[in-house]
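The chain below stands alone and is given as C-alpha cells, in the form predicted alone.
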C-alpha cells in the first residue's frame, strides 16, 4: 500500500492495458479515474473492470474531465488516436506528469518497426504538449492481459523522459505495479522501447512462445 496516494487518470482506460494498470495501482492504494471519449464508454469500462476485479474502485469520466482530475495522467490509446486525444486534453496537463504508453504499431505489419516522424511516439507527444508537461514513456513492452492477473510479470520497464523527478515517480509506480523500472534517459530514447515491442512480437511468433520481455542485468560498481 502506497503512503502517498495519487489520483491517476487513465485515458483510454477502456482497453486491456489501461484496465490492468488500473487494477494494480488501485491495489497499491491509488485513486483511479477511467477516461474515454464519451461518458458511456468510460462507465462501461468501469463495469467491465469490476467484473475482472470486483475490489477495484474507479470513477468514470470523459477524457477532458479525467485529465483535470488526475494529478498523474496515463495515455493508453492506440497510436492512431494519440495526438487527437492529447490535443483534446492539452490544457489540463500543464504542470503534470503524462505517462505515455503509446506504441507506434501500424497494422497489419505490427511485427515491423515503424517509428513515426520525429523519431518516436513519446517525442511527438512532448513536442505537442511543450515543456509545461513532463512526458514520460513506459510500459510499452508489457503483455497487457498479464497486468490483469495476480502473476509475476517477467519484464522490466524502460522509463524515458526529460525530467529525472518525473522518471523517478514513474519508476516508483512501476514498482508498485510489480515491475522493475529503469531510467532510460531523455524522451528521445523512448524510440528504443517502442521499437522493442515489434521485435518482441516477432520473437513470440517465430519461437512459438508468449509474453517475451526484457530484463536488465548487471553488476554494481560499488
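Please read all numbers here as calculations on a predicted model, not as lab measurements. Numbering follows the first chain given and starts at 1.
Keep in mind the form predicted in complex with a small molecule is missing from the figure; the text below concerns it.
Put simply, of 37, 169, 68, 31 only one has a heavy atom within 4.5 Å of the small molecule in the model of the complex, and it is 37. Of the listed positions (78, 130, 119, 111), a single one reaches within 4.5 angstroms of the small molecule by any non-hydrogen atom in the model of the complex, namely 78.
A residue is said to contact a partner when one of its heavy atoms sits within 4.5 Å of a partner heavy atom; residue 144 meets this definition for the small molecule in the model of the complex. When contacts are judged by a 4.5 Å heavy atom cut-off, residue 27 does not count as touching the small molecule in the model of the complex. For the chain shown alone, residue 23 is not a contact residue for the small molecule in the model of the complex, no non-hydrogen atom being within 4.5 angstroms.
Using a 4.5 angstroms limit between non-hydrogen atoms, residue 126 is distant from the small molecule in the model of the complex.
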